[in-house]
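First, one chain by itself in structure tokens, the form predicted on its own.
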């Protein structure tokens, strides 16, 4: 475990393979610096939670992984983010292809204004993963089952995705993300707009999906981070303060700022 962002990326659990390796990440929005020299290792087939007060850089770091910061005018990113050893910012990397490998689920459910079926089938179709109706049917069913939604929507696939409840919409968005066979799923406050029952269902789903995917979740809820993640990284004022096994971060943090945040002294 680490005290300061320049002391290293934080340990992975012994035996864990590293899926994402970030080194020396600085992010600027115009003249304002949002991240300062952040280095972090993210293990595969596990959940890594990013915690910290509002405006501390959690979502900014998350967007570095799939280059969503590219879509914000005036943004400059320094440093290196590797996915399986490959620099995601290399000029040879197509951001569209990268975002198929690294899916993203946002704070507010954002299903397309299409049918439930088309929400899931859209990605595989445009990426050429499936071309025939039977292939698409199989992917739609498999993805909705993985997202825990199939039993609730199997008889209304041609109805609008926007007609589902908030929790169902978020699971539909997760199904849409996994339909293109990503390797990583980024989740930016995926439960903040949901009620407690829907939140519990999403947390169960995250726990199921971690056996197949590398998941990185930004959350304001420390209880949620403790429940769903195996590794936790604490951000404060644009810096990575401490990272390590979730149990260690919550029961035995090495940095006083982490202790203060977890015990509610600020944030």
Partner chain sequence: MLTWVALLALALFSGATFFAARRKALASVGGRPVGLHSLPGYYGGYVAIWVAIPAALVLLAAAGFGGRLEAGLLRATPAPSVQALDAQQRDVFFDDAVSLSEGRQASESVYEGALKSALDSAVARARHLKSQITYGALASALALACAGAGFAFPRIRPDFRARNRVEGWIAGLFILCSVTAVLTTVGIVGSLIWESWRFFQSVSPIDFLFGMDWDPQIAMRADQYASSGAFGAVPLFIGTFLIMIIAMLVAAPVGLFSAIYLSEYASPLARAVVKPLLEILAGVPTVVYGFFAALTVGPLFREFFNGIGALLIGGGLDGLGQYLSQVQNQMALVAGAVMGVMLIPFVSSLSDDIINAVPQSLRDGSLAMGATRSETVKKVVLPAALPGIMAALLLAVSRAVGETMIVTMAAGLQAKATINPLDTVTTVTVQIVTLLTGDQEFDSPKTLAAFGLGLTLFAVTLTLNIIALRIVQKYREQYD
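Residue numbers count along the first chain shown, from 1. A quick note: this is a predicted structure, and the numbers were derived from the prediction, not measured.
Note that the form predicted together with its partner chain isn't included here; everything after this is about it.
Of the candidate stretches 130-138, 143-151, 172-180, 85-93, only 172-180 has residues whose heavy atoms lie within 4.5 Å of its partner chain in the predicted complex. Proximity of residue 68 to its partner chain in the predicted complex: non-hydrogen atoms within 4.5 Å are present. Its partner chain is not shown here, but in the predicted complex it comes within 4.5 Å of a heavy atom of residue 114. Not displayed here, its partner chain is kept clear of residue 187 by more than 4.5 Å at the level of heavy atoms in the predicted complex. Interface membership of residue 191, defined by any non-hydrogen atom within 4.5 Å of its partner chain in the predicted complex, is ruled out.
The single contact residue among 81, 157, 100, 77, judged by any heavy atom lying within 4.5 Å of its partner chain in the predicted complex, is 100. Residues 114, 122, 123, 126, 127 are the ones in 114-137 with at least one heavy atom within 4.5 Å of its partner chain in the predicted complex, listed in sequence order.
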